[in-house]
Structure formats: C-alpha cells, structure tokens
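First, one chain by itself: the form predicted alone, in structure tokens.
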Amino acid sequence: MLTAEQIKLFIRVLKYNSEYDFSDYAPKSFARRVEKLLEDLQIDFYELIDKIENGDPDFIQFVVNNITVNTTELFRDPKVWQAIRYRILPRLKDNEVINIWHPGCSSGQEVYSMMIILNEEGLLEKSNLYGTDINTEMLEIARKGEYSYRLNVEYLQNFDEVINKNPYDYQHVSNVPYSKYFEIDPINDIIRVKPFLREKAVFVKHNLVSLTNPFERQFDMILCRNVLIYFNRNLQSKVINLFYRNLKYPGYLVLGYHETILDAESMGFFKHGYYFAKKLK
C-alpha cells in the first residue's frame, strides 16, 4: 500500500514533467488507481517515478489514461435522462441554437444518449454537442462510437426507459427500435452508433483541472456526471464556478445521481430534482 508521502511525490513528479496536476484529487481513490497501475505494469513505485522523470510524453499519457476513471453507460440513471427530456429540453426548444458540453465524457455513451433524446424531440439539427476528457484512449473510442455488445446490452433497457416511456404521461408509449440509432452485431460483439450521430459530436482532449472553457461559446446545458466525486472540496467549488461562468441564463447543470452542490444557492444554482438551474447572483 502506498503511503501519503509517496502519493504526494507521484503527483509532484508528474506535475513537474507534464501538464497534469492531480493535487486536488480525492487522495484515497487516487492512491488505489496508482496502486492498480503499478500492479498492471509489474514495477515498483520508484521505477514508475524514474520512468515519469524520463519525460516520455507517450508513457506519461499512458499513465494518465490508466489513473483516470472511465465508467459510463448509455442513459445512465434513466430518471435523470427522463428529467432532461421532459423538464429541461422543453425550456430550450425555442432557442435558435442549443450548445451542450459534456466534460469528463469518457468513452462517449452519454454524449450519444443526449443526441438520441435531442433527435427524438426534433432538436438535434440545431444542437452542438461537445465531449471532453483527459483520457486520449477514451476519446478515440468515443469518436468511433463502437462498443462491446456484451458489455452494453444490459443498458439497452435504459434506452427503453427513456425513449419509449414517459414517466410524466404513462399513456405516452413509443416503440423506437434500437436499429434507429445503433448497428448491432452480437456475433462479433459490436454495438456501433449510427454515422449521423458520430459525425455530429465533437470530442476534444481537455483537462477540467485547468479550469478553462476549451470552446469559444457559452452553453445551455452542461453534463458533468460522476466526475466531481474524484475531486476534493476545493477543486469541486472551482469547477462549479467554471460551469456557472460558462452557462447561459437560463442554463442547466446535470451532475451524477449521487453528486450535489454544497450550498448551491451561494454558488449560483437552484436545485430542481435531478438537475440544477443557473440563477443570477
């Protein structure tokens, strides 16, 4: 088990030799990921430090890709997506353009989930969707829009919950087939997003810790789901402030199912069920 001093050394060496600063990440979960990296590489801690100090950018990116969390799924937490579809999007439907940012998008399933909802509501054509992540391997998967069928088949029931049912109107039942949005090949273990969705999304490498907006625009909605839990309290507040500054008014922020904003109103947000609405300070 790595000591607190070893983790501090790892963070310091990585920061000195790269653009990455993990100083404000929650220490316990971060330490577990570094330990897993050592186990996978079958080297000891100080060998890892030496390899980082050699400054090989490919190895450093490999390290970053392997110590960041990349858990996501199609329509994760269907109730959240139902609220987006039936509570947020109706308030944006008259906008000339709808801009949506997914920081920490991982392999892109939630970006595609949003695109499917927008398409069902007739809003996709006038929407711009941006996914960003620190992990270059995950971004490549997102751009391809190709996933393991075996690992994702269970999430297709989330599709049905969000696309074919309306919890706010139980008489509204649709029968949208998976084939409208996916090419599914169980034999070769592939579920692939249709080209018209893949060609619409923009995926860009970006480090949220930089506290910058990588795009020259404000957003109507930001979805940053299950990312803040890996930051300490100080960094969480800074990131929430970044989102506030880059949301239009009215604008909406969607976090993970179990994430929240401490003292939300002082941070500039009202909580509405599964999402936060920007308020004027």
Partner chain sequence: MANYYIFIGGSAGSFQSIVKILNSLPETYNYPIFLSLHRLKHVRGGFVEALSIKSKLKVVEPEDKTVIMGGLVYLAPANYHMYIEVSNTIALSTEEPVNHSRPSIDLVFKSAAYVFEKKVIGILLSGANKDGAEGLLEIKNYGGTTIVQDPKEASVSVMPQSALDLFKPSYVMTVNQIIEFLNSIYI
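Numbering follows the first chain given and starts at 1. All of these numbers come straight from a predicted model, not from anything done at the bench.
The following text describes the form predicted together with its partner chain, which does not appear among the structures shown.
Contact check for D94: every heavy atom lies farther than 4.5 Å from its partner chain in the predicted bound form. At a distance threshold of 4.5 angstroms between non-hydrogen atoms, E121 is out of contact with its partner chain in the predicted bound form. Looking at Y244, you'd find every heavy atom of it more than 4.5 angstroms from its partner chain in the predicted bound form.
Proximity of Y130 to its partner chain in the predicted bound form: non-hydrogen atoms within 4.5 Å are absent; the residue sits far from the partner. Figure note: of the listed segments 122-130, 198-206, 147-155, 165-173, the one touching its partner chain in the predicted bound form, with heavy atoms no more than 4.5 Å away, is 147-155.
Among the residues E137, D189, E183, E73, the one placing a heavy atom within 4.5 Å of its partner chain in the predicted bound form is E73.
With the partner omitted here, the residue from K248, R217, R32, K51 that has a non-hydrogen atom within 4.5 angstroms of its partner chain in the predicted bound form is R32.
In the predicted bound form, its partner chain lies within 4.5 angstroms of at least one heavy atom of each of the following residues of 214-248: N226, L228, I229, Y230, F231, N232, R233, Q236, in sequence order.
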